[in-house]
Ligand SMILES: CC(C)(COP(=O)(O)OP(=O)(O)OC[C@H]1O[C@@H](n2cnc3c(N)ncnc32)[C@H](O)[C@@H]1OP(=O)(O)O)[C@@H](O)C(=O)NCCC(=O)NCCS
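Form predicted on its own, single chain, as structure tokens, below.
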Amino acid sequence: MKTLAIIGQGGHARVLADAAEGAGWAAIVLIGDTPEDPAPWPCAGSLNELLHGVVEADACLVGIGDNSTRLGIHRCLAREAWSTPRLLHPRAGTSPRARLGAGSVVLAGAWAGVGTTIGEAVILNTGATVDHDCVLGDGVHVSPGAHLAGGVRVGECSWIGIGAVVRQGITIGRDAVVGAGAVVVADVPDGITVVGNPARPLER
């Protein structure tokens, strides 16, 4: 019986555990520093214990919402030659001509279209859609109910907020944030937060 270790003990980790059960993983443990078990999945130990072989598992996923933290731990696991599988919820889907990177997850009701390339440690959250020929960099999070039209490019570790809409052909830079419900009709530079309809840079 193969065991999947999910790093994290919060809400996103439990969402991944639930999706992994639906995808057929028979044994699932969570990894974190809090000894209390976030029922119904047991906490098997800390990340340090996992990396030093105290906790045994066949594969690992990072169940942490913060993009840079998630990507950093994912890359650490890759350097240590851990298996970091792709996770597809049984009620999610991708085109057979879409590419999904290691450690990325597609959650319930989400979809990735034909020609789309999704990097590593990416979250396509509940009900999110990414249409044809999009390119998502490593560590991106597309929040629940967000929709990317065709040909959108999103840079590493950027976050598309809940219910946001991105027009076709738009480029969103690295470490950018698209606020909840925003409608993006122009390119977003690196490190910028945009909000509103149409989306504009947030005043500092």
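Fair warning: this is a prediction, and the values are worked out from it, not measured in the lab. Counting begins at 1, following the sequence as shown.
As for the form predicted together with this ligand, it is not shown, yet the points below apply to it.
- When this ligand is considered in the predicted complex, only one residue from 151, 32, 173, 179 comes within 4.5 Å through any heavy atom, namely 179.
- The three marked residues, 94, 113 and 158, fail to reach this ligand in the predicted complex, with no heavy atom of any inside 4.5 Å.
- This ligand in the predicted complex comes within 4.5 Å of no heavy atom belonging to residue 9.
- Contact between residue 144 and this ligand in the predicted complex is found at the 4.5 Å heavy atom cutoff.
- With a 4.5 Å cutoff on heavy atoms, residue 125 counts as touching this ligand in the predicted complex.
- Contact between residue 162 and this ligand in the predicted complex is found at the 4.5 Å heavy atom cutoff.
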